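A single chain, nothing else alongside it, follows as structure tokens in the form predicted on its own.
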């Protein structure tokens, strides 16, 4: 799919990129990226290392200048939060003191520190120096700092990488809370279930281009070549049926006999779609 043909609605965008190209010497890292993001949505940026995700974020945040093309960020939404690895954390300072320093810079009430530490599950580690934290804990501290000043646009790079399921769910709840406040969120992740759970739209990036864009489930339906139903009955039998009128009649019979245990359609996940389009894995 050519990213220049992405169908965008006329609702005012908070971020818009139009045919953005970025070159480093002879190397073209972004090759004509076009993307429109509406206020309050979560957009997933999915692609392997080197696909252009970080470069794209740095251009949107003003850290890099595009070689050509246009970048628009709503002037009323220039306050941004970023979680990019453990960037900017002070190793010898405690979790609390790291956030206290950040609070002073942004003139944030110190009461907010304990609030965000609790949300990311670091209350018990508040006095622990950063150099004594695990990788996952560092990531959570970086997330706490990113949301502390309640930014209008939030950039999250692999926010749940290396975390246990319980903490991952807590982080997901925090991300959804930020969305409910109206925060626009850019999320990079290799976790396809995470993208499908959180993102309203996803952009699949490969070698500097957006090769597919849309709602996660819509993308799955678009590439559902099999169009089958996978059925499991209570007696242990499993079968695949073509998704047609005949299958509907069989399913109705199984339901009437109380034999049907599970039924699933065969839409591919985002990983499978990416492999179909590129021949390679997302990671």
Partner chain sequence: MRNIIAIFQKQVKETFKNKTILIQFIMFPLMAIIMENTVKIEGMPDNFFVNLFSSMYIGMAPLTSMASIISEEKEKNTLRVLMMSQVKPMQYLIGTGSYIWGICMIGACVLGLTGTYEGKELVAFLGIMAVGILASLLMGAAIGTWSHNQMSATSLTMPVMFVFSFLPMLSMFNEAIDKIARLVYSDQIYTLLNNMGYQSGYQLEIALENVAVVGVNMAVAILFFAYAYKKSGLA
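Keep in mind that what you see is a predicted model, and the values were worked out from it rather than measured. Positions refer to the first chain, counted from 1. For clarity, a rigid core is taken as the largest C-alpha set superposing within 1.5 Å between two forms.
What follows is about the form predicted in complex with the partner chain, which we do not show.
Only one segment in the set 75-83, 198-206, 115-123, 163-171 has any non-hydrogen atom within 4.5 angstroms of the partner chain in the predicted complex, and it is 75-83.
Using a 4.5 angstroms limit between non-hydrogen atoms, residue 58 touches the partner chain in the predicted complex. In the predicted complex, the partner chain lies farther than 4.5 Å from every heavy atom of residue 109. At least one heavy atom of residue 145 is located within 4.5 Å of the partner chain in the predicted complex. Mapping the unseen interface onto this chain, residue 88 counts among the residues with a heavy atom inside 4.5 Å of the partner chain in the predicted complex. Just one of 176, 71, 211, 93 comes within 4.5 Å of the partner chain in the predicted complex, counting any heavy atom, and that one is 93.
Taking a 4.5 Å heavy atom cutoff to the partner chain in the predicted complex, the contact residue among 181, 104, 135, 132 is 104.
For the three residues 218, 221 and 252, a heavy atom within 4.5 Å of the partner chain turns up in the predicted complex in no case. With the core held fixed, the Cα of residue 78 is displaced between this form and the one not shown by 2 Å or more. Panel note: the distance between the CA atoms of residue 19 and residue 78 is larger in the predicted complex than in this form, the difference being 3 Å or more. A shift of at least 3 angstroms pushes the Cα atoms of residue 36 and residue 77 further from each other in the predicted complex than in the displayed structure.
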